[in-house]
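Encoded as structure tokens, the following chain is the form predicted alone, with no partner shown.
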Amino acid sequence: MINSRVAVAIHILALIASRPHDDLPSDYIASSVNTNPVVIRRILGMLRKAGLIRTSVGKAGAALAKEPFQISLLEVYQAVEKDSELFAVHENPNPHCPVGKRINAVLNEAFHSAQSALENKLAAQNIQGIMDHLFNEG
């Protein structure tokens, strides 16, 4: 299961994008996300390492490194998910069992298809689309 880091990272990027001329410190971002600033700083570090945001030494806040429409949700997912595989097969099925000897091959095919579908969907969406939904609908 994907943990909430992806959702928090998207929240952070949308918040930064919505305030492009402000230097938002991690405690302000944390108040919007409703979490600890340490969690925010950790995710900001991941986003910076992935080239999605820029930070300045000795200055609070972060800025997007690209325009919001250039940041796909797949990039965000890959930035914050250490192991971006959704599913894992169990390690040691019984090779003498008719199911056990083939289950991993069958599951790998099914899981790969699901992973590809997720990645294609995330690649087709971006931070600008999130912003549009946040500020232009209902």
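We call the rigid core the largest set of C-alpha positions that still match within 1.5 Å between the two forms. Source: prediction; values computed, not measured. Note that residue numbering begins at 1 and tracks the sequence as displayed.
Below, we turn to the form predicted together with a further copy of the same chain, even though it does not appear here.
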a further copy of the same chain: the contacting residue among 90, 82, 59, 49 in the predicted complex [heavy atom, 4.5 Å]:
90
Does residue 55 reach a further copy of the same chain in the predicted complex, with heavy atoms at most 4.5 Å apart?
no
Does residue 103 reach a further copy of the same chain in the predicted complex, with heavy atoms at most 4.5 Å apart?
yes
Taking the shortest heavy atom distance, is residue 44 within 4.5 Å of a further copy of the same chain in the predicted complex?
no
Does a further copy of the same chain get within 4.5 angstroms of any non-hydrogen atom of residue 36 in the predicted complex?
no
Going through 93-129, which residues have a heavy atom within 4.5 Å of a further copy of the same chain in the predicted complex? Please give them in sequence order.
93, 94, 97, 98, 99, 100, 102, 103, 106, 107, 109, 110, 111, 113, 114, 115, 117, 118, 121, 122, 125
Would residue 93 count as moving between this form and the one not shown, using a Cα shift of 2 angstroms or more after superposing the core as the test?
yes
